[in-house]
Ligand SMILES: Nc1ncnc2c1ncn2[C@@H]1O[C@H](COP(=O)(O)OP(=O)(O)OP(=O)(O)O)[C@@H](O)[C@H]1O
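The data below hold one chain only, encoded as structure tokens and taken in the form predicted alone.
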């Protein structure tokens, strides 16, 4: 079994605390995504797991082994970067075989692993080509195949799809999870893209200024954001946060803000008991639904409504949050 245990990892560069006592337990064969904006510490944490950076304090275990002080070559990890780093002077076969040849693996084993991983990544027909003859998506597949061919205990991926166009990213996302489930590899994946995180992850660690605000499965993170930061980062558009709305008579003790997703309102074209009026400022027609920007009691509000509702800019709509979807946050921005 290949678990990853991260215990109280701290890292500073000069006066800047990049990682502030990060602790994380990743299960065997789990796909964990480190999600957050630029500068939150996610890539630094990945590089510390790989051994490419050294933590100031704390422990990294892979399986039962404490690898905190081991060089990268002794950790049995493989890494895929944003830059594909495919060698132009080698064929696809030799690119995939590169790590295995460095380990002085037998020719039979090399042939078996290269062909197996090439088939997993749907590039078995490209093994005799050079990288200059490949598209960006094909080069990225080569990079992933090369990482998997060495049969690592852990696969680390740092923004691996960000250089691909939108259609290729969608295609690669749909394939990558299946490939990694089949290869039975424990994976840690860094991205700033919440769509990638939500679609790929078994669990997501949402990072905020060197800390982990929430570590859970995608559904739980979306439905029950542990902090105001998580609710504001996850979702497009993000969760609404309202201070002292008229619905606050249902708030628990200590509640400062109501969090409610844009799709979690009961909507009426006419005034009803318990509904509040909002003025529609802008309307975005998105096919499956309409996204409204509005104002409630002087606070901005985003609402997703059915595409067939006949709303107009400047018009009035009446809303009530679905009671079971209301989330309350305290003065520290933590869920109650």
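All of these numbers come straight from a predicted model, not from anything done at the bench. Numbering follows the first chain given and starts at 1.
In what follows, reference is made to the form predicted together with the named molecule, a form of this protein that is not presented.
Heavy atoms within 4.5 Å of the named molecule in the predicted complex map, among the stretches 22-30, 307-315, 263-271, 40-48, onto 40-48 alone. Though the partner is left out of this view, residue 159 does reach within 4.5 Å of the named molecule in the predicted complex, counting heavy atoms only. Proximity of residue 18 to the named molecule in the predicted complex: non-hydrogen atoms within 4.5 Å are present. For the partner-free chain shown, nothing in 223-251 comes within 4.5 angstroms of the named molecule in the predicted complex, judged by any non-hydrogen atom.
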